[in-house]
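Okay, so here's just one chain, in C-alpha cells, the form predicted alone.
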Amino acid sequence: MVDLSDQQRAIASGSDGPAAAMAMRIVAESARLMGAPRLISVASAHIDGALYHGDSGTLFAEKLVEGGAKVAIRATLNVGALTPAGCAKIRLPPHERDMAARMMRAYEAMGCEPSWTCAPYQAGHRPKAGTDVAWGESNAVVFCNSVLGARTNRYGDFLDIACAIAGVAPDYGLHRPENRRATLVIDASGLSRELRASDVFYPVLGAYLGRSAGTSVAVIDGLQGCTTEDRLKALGASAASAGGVGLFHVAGVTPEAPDLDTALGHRPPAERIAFTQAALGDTLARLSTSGGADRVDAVAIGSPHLSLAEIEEVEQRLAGRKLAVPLYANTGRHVVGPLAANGRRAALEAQGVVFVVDTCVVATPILPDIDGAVLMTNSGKFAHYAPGNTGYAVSYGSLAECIESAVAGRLVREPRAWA
C-alpha cells in the first residue's frame, strides 16, 4: 500500500484536472508495483518518452495535452525522431513522420524544454548532488547518478512524463542512500596508465562493467587522474547499454566515492574483479561485428551526443581534409548553435561531415540502406545498438581511427596502447 498525502489523493481524484489525475495515478500505481511505501518530490525530469516508436505514444501525449497537462518541474527532452535543427535526411514514411512531429509538439505543449538531446547535462541541466530527480534515457540516468551525484532510477517511457506532471516519483531503488553503496570492486590499476588515460578505453571498460555488474553497484579503482567528463560519459553510456547499470562509482573521482572505502560504505566488498589484459581483449573484440573486414560505408560518432570539446577534436584531427565516406556527427542544438554562428559548422559540412541534430542515427532511419554495410564508430553505445537498429555491422575504434577511416574510405587502424 502506497501512503499518499491528502493533496496527492485529491489530485488523483481529479482536483487539478484529468491529465494531472492520470499522471498521479500512473506514478502511484508504479510505486505500488515497485514496493515503494510513498512518493517523494523530484526537482526535475528528463523525458525519454518523446521518441516516436508507434502511434500509441503520440496519442498518449496528445491525450495528456487535451487534459490540460503541464509539467510541474523542469523537464528536458531526449532525442526525437526528426531533426528540426539539423540537416540529416530522415527516411521515415509520411505517416510516421507526421506522427513523430505531432508527438514532439505535444511534449513541447506540456512545457518540456525543447532540448532534444540525450546529454542534457551538457545543455545546462545538471541537478545538484543529493537531489532527487526522475530521468529517463539510460546514459543520462547513469551520468546523473554517477557523475553528478543526483538520485534517479531508470524511468521508462510515459512514467517519466507522469512524474514530471505530478512532480513526484516512487521512493525506491537509487533514491535511497542504502541502495547506492558499492558492493563490487572492479580494479583497472593493472593496465597501463597510457591506456587508462585514453578516450578509446572508456567504452570498452563500460561494456565490461555492464556485463560484470548485473544488479550490483560497482566502484572502479585505478582511474585516479585519468578521467574527464567526456570519458565518464562514454563509460556510463556503454555500461548502461551492455547491462542494466544505473550507477557506478570511480574511486577518487565521482562525488560519492572520495575514496574506495567510502564508496563501499566502509564495508568489505561482496566481490572484487581485476580488469585484466585478457578481459580487455575479449571485451574489445565483442564491440566489433564486422568480422575484421576493411570495408567502411559510414562513420558515426556522438552517442551520447558530442560535446563542443569533442567536436573541436574532430576539427583538429580532420585538419581541413575531405572525407571519402560520410561522417555523421550526432549532437545537440546547444552545440551546433555556436558552431553555426562562427562558420565552423559550414566548414565541417564542406569537408563531408553530416550533422545529426536533435536525434541520432540509431534512434531514427538516417543511414542509407546498403547491403552488407559497415559502420565505424568510437561509441560503445552505437556498437551495441547499431547492428539491430540500422542493419549495419560495426567496427569499433578510436576517434583518430574513425577520422582516418572516413578520409581513406576504408578501415584504418593506428598503433595504440592496448598492450
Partner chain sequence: MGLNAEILIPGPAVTATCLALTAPISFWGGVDPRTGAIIDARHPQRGQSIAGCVLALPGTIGSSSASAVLLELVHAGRAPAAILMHEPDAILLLGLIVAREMGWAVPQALKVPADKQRGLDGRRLRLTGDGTITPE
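Treat the numbers as computed from the prediction; the structure is a model and nothing was measured. Residue numbers count along the first chain shown, from 1.
Just so you know, the form predicted together with its partner chain exists too; it's not on screen, but the next bit is about it.
- Note on contacts: among 218, 75, 240, 234, the single residue with a heavy atom within 4.5 Å of its partner chain in the predicted complex is 240.
- Checking 138, 307, 212, 83 against its partner chain in the predicted complex, a heavy atom within 4.5 Å turns up for just one residue: 138.
- Using a 4.5 Å cut-off to its partner chain in the predicted complex, each of 25, 362 and 385 places a heavy atom inside that distance.
- Using a 4.5 angstroms limit between non-hydrogen atoms, residue 33 touches its partner chain in the predicted complex.
- Within 4.5 Å of some heavy atom of its partner chain in the predicted complex lies at least one heavy atom of residue 154.
- Using a 4.5 angstroms threshold between heavy atoms, residue 70 stays clear of its partner chain in the predicted complex.
- Using a 4.5 angstroms threshold between heavy atoms, residue 41 stays clear of its partner chain in the predicted complex.
- Shown alone, this chain has one stretch from 250 to 258, 111 to 119, 283 to 291, 180 to 188 that lies within 4.5 Å of its partner chain in the predicted complex by heavy atoms: 283 to 291.
- Residues are counted as partner-facing when one of their heavy atoms sits within 4.5 Å of its partner chain in the predicted complex; in 31 to 62 these are 32, 33, 34, 48, 51, 53, 54, 55, 56, 57, 59, 60, in sequence order.
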